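Take a look at this single chain, the form predicted on its own, given in structure tokens.
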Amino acid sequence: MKPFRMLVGKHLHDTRWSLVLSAAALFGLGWLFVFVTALNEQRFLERLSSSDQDVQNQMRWMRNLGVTESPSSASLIVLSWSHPFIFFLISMWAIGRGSAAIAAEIERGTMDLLLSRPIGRGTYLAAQVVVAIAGLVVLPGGLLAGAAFAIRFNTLREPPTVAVLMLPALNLAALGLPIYGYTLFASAFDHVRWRPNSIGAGLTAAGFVAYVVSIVPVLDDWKWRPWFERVSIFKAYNPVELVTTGETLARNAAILGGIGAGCIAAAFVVFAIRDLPANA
């Protein structure tokens, strides 16, 4: 148990600044989204009922993201939680930790030093996974904390509770699991970091493109649209629905968690049986 705690502490120490800075950025975004909602809430509600064609076209985007005809303040706040920059920060952490877990250590030639101590491969990789998952909890927690702080100092029509906003924060944390999982799986095969980085980034970018295609209003009637919806992990992230009914959390968490857990388990198997390079 001591080697495991030592490894967890080492990895947390190595990644502390990137994690703190990313969480701080998300805290600022969480505060900003509430502030902007408080300023523009009434104007947004008026636009929803507007008969102007250009406005209606814009509103179709919102409805494809789950916004109803009479959205609550919570819906308008978490609507912004689908901003690409939030996806970027979560993905950057998941991909970075996944590729660093095995391939980066082999590339640096430090894997042999770590495994020369009384540390098994399973213990080493388990510590990496714990730190990665901890980061996937901390980052949405920063977003949630920023929103909770801002709600106290801004006037909203229906101020949401922290418990309401916690559901989309949990869904966002779950979104990072498959990204980390398939990057870690690629890292388990490799001995250089750039390839799992490229694979993780490529799969994530493809999933995000499929997600965008599935919500573009002009493609509502396109026959291939349902296929794009099925292949994108981002469709299992629905923050607006979670603050209205909350019915999709269990299903989406099961999908995202299942993909992530399956890839992580496969990475354990590959890492346990693979031959490491002589300098690793």
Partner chain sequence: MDRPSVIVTEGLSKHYGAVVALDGLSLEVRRGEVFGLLGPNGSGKTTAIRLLLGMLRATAGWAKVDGLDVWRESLEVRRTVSYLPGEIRMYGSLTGLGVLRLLSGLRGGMGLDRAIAIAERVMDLDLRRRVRTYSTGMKQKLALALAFGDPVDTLILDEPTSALDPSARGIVLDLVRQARSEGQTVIFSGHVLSEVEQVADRVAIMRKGQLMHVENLATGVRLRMVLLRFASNETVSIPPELGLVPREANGPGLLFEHHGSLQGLLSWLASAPVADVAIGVEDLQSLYDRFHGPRAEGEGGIER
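Worth saying up front: this structure is predicted, and the values here are computed from it rather than measured. Positions refer to the first chain, counted from 1.
Same protein, other form: the form predicted together with its partner chain, not shown, and the subject of what follows.
**Q** Partner absent here, but in the predicted complex, which of 192-200, 112-120, 144-152, 166-174 has residues with a heavy atom within 4.5 Å of its partner chain?
**A** It is 112-120 that comes within 4.5 Å of the partner.
**Q** Using 4.5 Å between non-hydrogen atoms, is R157 touching its partner chain in the predicted complex?
**A** Although its partner chain is absent here, R157 would stay clear of it in the predicted complex, with no heavy atoms inside 4.5 Å.
**Q** Even though its partner chain is not shown here, does R108 get within 4.5 Å of it in the predicted complex, heavy atoms only?
**A** It does: once its partner chain is placed as it appears in the predicted complex, R108 has a heavy atom within 4.5 Å of it.
**Q** My question is simply whether A272 lines the interface with its partner chain in the predicted complex - judged by any non-hydrogen atom within 4.5 Å.
**A** Contact check for A272: yes, within 4.5 Å of its partner chain in the predicted complex.
**Q** Within 4.5 Å of its partner chain in the predicted complex, do P84, L89 and R251 each have at least one heavy atom?
**A** Not a single listed residue reaches its partner chain in the predicted complex, so no.
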